[in-house]
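As structure tokens, one chain now follows by itself in the form predicted alone.
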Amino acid sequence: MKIRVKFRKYGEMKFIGHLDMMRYFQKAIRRAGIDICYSGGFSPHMIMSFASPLGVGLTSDGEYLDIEVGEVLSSEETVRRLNQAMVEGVEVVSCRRIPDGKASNAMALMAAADYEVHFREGKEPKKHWQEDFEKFCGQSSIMVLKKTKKGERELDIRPLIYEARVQGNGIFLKLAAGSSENLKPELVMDAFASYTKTELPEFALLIHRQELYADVGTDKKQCLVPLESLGEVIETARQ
């Protein structure tokens, strides 16, 4: 049976990279006594996959991990056991059963992500940057140079920005995310700096990922839902 674990990452754990997070969860799952399944072959490994790697230095309230288990505990018990094995900076918030099969894999389903972006104190843009940001978002196209494995290519990122607005003293972004289309908030903010003919100081941004979404709509109409909502709460333990 496959289950989806949603967790938060905050505090000093934001400096832990993706590969180390994988190793961390492998150890935590063993300590929690979760009956996780292993692959076959000469080098068996835990059957687990993350929806999307979180960049070093970013915090999040909406990270996801899919695992395959034998004995199934209730969602409440799984969350309790995992949190007992966690260190400060990582907190499991939910656990849900998801359909079997590759089509339900969070990594394959992911289509968008929400971000909060704030500026570090003393590294804010020039005055009235909020007005500039609204004008920036009002453009019909936003051309940038995006680095790829094959080099750099010019890309219009405007279609990949599903929502962008000034929110308080920061910025809210809903961006395309997934294997086919993926836009990082850092690239959006670099494009904004270029638009205002300024440069962002080093380490100027504080970025927090709020949620990851799947698109359950059609080719003609997008319908984004949180990855968590595609699973069901496990009320009682089952074999």
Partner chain sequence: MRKLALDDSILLKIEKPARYIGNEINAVYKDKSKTDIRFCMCFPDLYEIGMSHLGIQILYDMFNQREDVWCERVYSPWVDLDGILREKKLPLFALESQDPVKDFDFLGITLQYEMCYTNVLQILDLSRIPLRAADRGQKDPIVIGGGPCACNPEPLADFFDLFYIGEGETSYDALLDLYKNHKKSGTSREDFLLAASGIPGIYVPSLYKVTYHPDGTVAAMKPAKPQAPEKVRRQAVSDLTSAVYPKKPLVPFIKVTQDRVVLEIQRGCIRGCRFCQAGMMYRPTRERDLKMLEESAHNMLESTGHEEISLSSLSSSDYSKLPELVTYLMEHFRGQGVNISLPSLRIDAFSLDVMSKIQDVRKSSITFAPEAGSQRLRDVINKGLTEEVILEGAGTAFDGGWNKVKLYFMLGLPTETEEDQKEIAHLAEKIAKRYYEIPKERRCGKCQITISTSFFVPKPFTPFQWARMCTREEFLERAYTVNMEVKAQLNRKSMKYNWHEADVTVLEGVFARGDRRLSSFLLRAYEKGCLFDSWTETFQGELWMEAAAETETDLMFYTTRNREKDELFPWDFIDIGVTKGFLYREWERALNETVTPNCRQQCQGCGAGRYESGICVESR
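Nothing here was measured: the structure is a model prediction, and the numbers come from that model. Residue numbers count along the first chain shown, from 1.
Just so it is clear, the following notes concern the form predicted in complex with its partner chain, a form of the same protein that is not shown.
The partner is absent here, but in the predicted bound form a heavy atom of 85, alone among 85, 144, 137, 98, sits within 4.5 Å of its partner chain. Residue in contact with its partner chain in the predicted bound form (any heavy atom within 4.5 Å), chosen from 49, 196, 182, 26: 26. The stretch among 69 to 77, 110 to 118, 158 to 166, 86 to 94 whose residues place heavy atoms within 4.5 Å of its partner chain in the predicted bound form is 86 to 94. Among residues of the shown chain, residue 11 is one whose heavy atoms approach its partner chain to within 4.5 Å in the predicted bound form. In the predicted bound form, at least one heavy atom of residue 16 sits within 4.5 Å of a heavy atom of its partner chain. In sequence order, 56, 57 are the residues of 55 to 78 having a heavy atom within 4.5 Å of its partner chain in the predicted bound form; the partner itself is omitted from this view.
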